[in-house]
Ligand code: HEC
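To begin, one chain is listed below as C-alpha cells, in the form predicted on its own.
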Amino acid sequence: MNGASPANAGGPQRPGTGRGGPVLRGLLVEFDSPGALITAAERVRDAGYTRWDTHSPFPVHGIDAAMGIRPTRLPWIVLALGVIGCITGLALQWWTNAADARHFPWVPVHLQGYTFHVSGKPLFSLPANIPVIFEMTVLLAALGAVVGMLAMNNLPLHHRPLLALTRFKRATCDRFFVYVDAADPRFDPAGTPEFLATLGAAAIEPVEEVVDSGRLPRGLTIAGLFIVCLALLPPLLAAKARVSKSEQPRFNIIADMDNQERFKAQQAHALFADGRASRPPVAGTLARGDLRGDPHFYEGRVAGEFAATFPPQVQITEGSIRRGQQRFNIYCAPCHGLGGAGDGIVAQRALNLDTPGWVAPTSLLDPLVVERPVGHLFNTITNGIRTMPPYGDQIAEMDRWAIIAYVRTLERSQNARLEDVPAELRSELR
C-alpha cells in the first residue's frame, strides 16, 4: 500500500500574489478489482459518510446497493412536467382558438385569443389538438429529465480538482476508486485517512486545489465590459429608431422584396431612352386570355350589328336561367326590381327622398326593351347606358348571357299566351 497523509487547509493568502496555499478537497482511494470496490463501498456507507462516490471503467453490478443509493426522484419530476406540458398544450389551444375575448375583458388585447372559424369546424376539438398536446408533453418531460438530472447531480461543474490527478485517469481503463469529499460532515483530516487505510486500498491520495483570490484577471474584466457595451449597442439603436423620425427609409438588413429595384409608376427611369418608367403596351399584343376572337360571344355583335340570337356556346336550359336569376337578383334587381319593372329598392328610396336629378330605371318589360335584340342587352350590361354604369368588369360573359335569358323569361311571363302554358296546367287557370 502506498499511503500518503493528506495536506491540511493551506495558510492565509500571501499578500500581493493573489494565490494561497493548497486546500484539501477530498481523498481518493484506489482499488484493483470490482469486488474490493463493493466491499469498500459497503464499509464507507456503514461508517455514515454521505458525500462520497465510486468510479469504475464499467458498470459494477450491485454497486448501487453497496453505496446505499436510494431510488431517484427524477421519474416523478419527468411525470409532473409531462402532465404540466399536456395541460399547457390543451389550455393554450383552447385559449388561442376557442376562448371568447368578450368573456375576458380584463385580459390585455395582445394576450386574448381569437375564435377563428375554419370551414365550419368546431372551435375546440380534442382530436385536432392531440399533436400539439403530444409535442408539449414530450418537450416539458424531456426538459425535466435533462434539467432535473443536471440539478440533482450538481452539474455542470466547470472545474473539479479530482480530474487533475494523473492517477484518476486510470478510472477509464483498469482501476476502481472511492472518492470521499472533504465537505462530508464526518470527514476528519486525521481520522478519515486512517479509516480508509483499513479498506485494503492500493493507494490513497489527497485531492488538493490551489485557491486564488477569486478575482478575475484585469484583462478579462476589461474584455468582459467591452463585450457587454458592444452587446448593448443593437438594442439601443433599435430603441432610438422606434422613437425617432427620418426622411430616409429604415435600414433593412434582410431586404427581401421591401427595397428591390423596380420601376415606379409615373416616374422617370434612366433605363429607357425616353426616360419614362411607365411603358405603353407593345403594339399588336394581347394578354393571355384576352384574345376574344368571337365577337358574337364577347361583344354581342354579328357582322358589326347587334346579334338577334344567343351565341352557339350558350345553351338555354333551366339551370342557366336559374343562374341568370341569381345574378339578376344580385346586380340588377336593386334598381330594376325583382320583376324587372324598374321598382327596385334603390329606385323607391330615391323617389321617397325626392332626389334631385334622379332618373328612374327603365322597365325591362317596356315594349322598347322587349323589341331590342339580345346583343343590344349584352352591350348595355357590358358598357352601361345613360346613367346605368357598366358591369363588364363584375359579371362574366356567360353570366351576362344567363341574365339576358332570364330577362327574356320575365318579359315572356308578363305577355304569356294560353299556348305557352303546359296543357296539364291550363285547367288550373282562372
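Quick caveat: nothing in here was measured; it's all calculated off a predicted structure. The first residue of the shown sequence is 1; numbering continues from there.
Heads up, the form predicted in complex with the ligand isn't pictured, but that's what we're talking about next.
Visitor: With the ligand left out of view, choose which of Gly48, Pro389, Pro59, Pro367 has a non-hydrogen atom within 4.5 angstroms of it in the predicted complex.
Guide: Exactly one residue meets the criterion: Pro389.
Visitor: Heavy atom within 4.5 Å of the ligand in the predicted complex: which of Ala36, Met398, Ile385, Ala65 fits that? Just give me the one.
Guide: By the 4.5 Å criterion, the partner-contacting residue is Ile385.
Visitor: At 4.5 Å between heavy atoms, only one of the stretches 370-378, 25-33, 38-46, 66-74 reaches the ligand in the predicted complex; which one is it?
Guide: One stretch meets the cut-off, namely 370-378.
Visitor: Is there any non-hydrogen atom of Cys335 lying within 4.5 Å of the ligand in the predicted complex?
Guide: Yes.
Visitor: Is Val359 a contact residue for the ligand in the predicted complex, using a 4.5 Å heavy atom cut-off?
Guide: Because a heavy atom of Val359 falls inside 4.5 Å of the ligand in the predicted complex, the answer is yes.
Visitor: Verify the contact flag for Tyr331: yes if a non-hydrogen atom of it lies within 4.5 Å of a non-hydrogen atom of the ligand in the predicted complex, no if not.
Guide: Judged by the heavy-atom cut-off of 4.5 Å, Tyr331 is in contact with the ligand in the predicted complex.
Visitor: Can any non-hydrogen atom of Ala402 be found within 4.5 angstroms of the ligand in the predicted complex?
Guide: Ala402: no, not in contact with the ligand in the predicted complex.
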